[in-house]
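Only one chain is given next, in structure tokens, and it is the form predicted on its own.
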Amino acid sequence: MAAIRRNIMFDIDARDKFLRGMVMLAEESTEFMAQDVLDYIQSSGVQLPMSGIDQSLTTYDLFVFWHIYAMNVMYSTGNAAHGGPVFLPWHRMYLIRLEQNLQRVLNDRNFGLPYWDWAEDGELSRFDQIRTDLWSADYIGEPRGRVRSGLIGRMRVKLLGGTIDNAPVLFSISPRRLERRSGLSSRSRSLPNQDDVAWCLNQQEYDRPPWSANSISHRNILEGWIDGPQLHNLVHVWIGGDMGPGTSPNDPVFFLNHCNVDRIWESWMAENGRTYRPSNNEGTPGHRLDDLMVSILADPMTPAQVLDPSDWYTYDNLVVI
């Protein structure tokens, strides 16, 4: 039976299981140390320097590492997770693997990741956007400063993305609380709204040449590069803090954001068909239909394999414009 992904604001059971599962993964010990992550990076040839303390890593930490690692596997267009057509299928694969781990620790094969409909909140005033129940102890904690309340207040950041001389670096730091700066960025003082979602849903092509941050397409507008930051990118920038760097999955709101992004893509396919470009005969390697996507915690999948997610999950409600 496929899981059903529900709106976190309307389903208390999905909310409570999500919060409990996040903490369980964040406290689940593994056999891996920070030094093992460094060894993996160096053996793969990926240009991602790492420094800091050696420490034990949890299952959740490994998902954080997976994301920043994929961001630093560079292709001629974008990277293995962003900046090109593979953005949506890669994150779909990533969410599926996270969802499967949550089902495992919760002992609930029917659990579905909840989503946060940020476009609904984007219709509110800027003042009210940080005052919804989402940013409370019952949900994901404070919108600004250190996250101290609720279950998410128990989570700690160990791996942190940064830069030295404008080059990406991964730091292994002494564990600290999550940090947010919601609504404080001069680049994005408001969340995306429903008109923004309609803009990407009205695109007739999934993607098109040059298959990059310059493409006028459903994927690229949803990713948020056109006149950016928009949509997905805007949510990251609006929240700020630990949602800013490549280690943004440190904040569980990352998964609520991307589940909604995936829901919007699923809504687009409901109207336009399960189509994907580039095909195997066009575009850039790494982003094509049958190219294996970067995975470190389970077998890799291709974009073709995730175009229909119904074996894994469905949504309680798709976007209708």
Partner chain sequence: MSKAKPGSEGSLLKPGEYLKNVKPQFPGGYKLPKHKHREEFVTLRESCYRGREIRIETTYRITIDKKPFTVHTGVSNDGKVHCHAFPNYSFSSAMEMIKHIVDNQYVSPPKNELKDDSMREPGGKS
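Whichever C-alpha set is largest while still superposing within 1.5 Å between the two forms counts as the rigid core. Remember, predicted model here, so these are calculated numbers, not experimental data. Numbering follows the first chain given and starts at 1.
There is another form of this protein, the form predicted together with the partner chain, and it is not shown here; the text below is about that form.
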| query | finding |
| --- | --- |
| Partner contact for D13 in the predicted bound form: the partner chain, 4.5 angstroms, heavy atom | no |
| The partner chain contact in the predicted bound form: E271, any heavy atom under 4.5 Å | no |
| Contact label in the predicted bound form: R97 to the partner chain, heavy atom within 4.5 Å | yes |
| Contact flag, G286 vs the partner chain in the predicted bound form, heavy atom cut 4.5 Å | yes |
| Candidate from W116, W135, W225, Y206 lying within 4.5 Å of the partner chain in the predicted bound form - any heavy atom | W225 |
| Single option in G183, G150, G145, G244 placed near the partner chain in the predicted bound form, where near means a heavy atom within 4.5 Å | G244 |
| Options 170-178, 135-143, 117-125, 198-206; stretch whose heavy atom lies within 4.5 Å of the partner chain in the predicted bound form | 170-178 |
| Within 232-247, the residues that have a heavy atom no more than 4.5 Å from the partner chain in the predicted bound form | H232, N233, H236, V237, G240, M243, G244, P245, G246 |
| Residue shift check between the shown form and the other one, rigid core fit, A167 Cα at least 2 Å | yes |
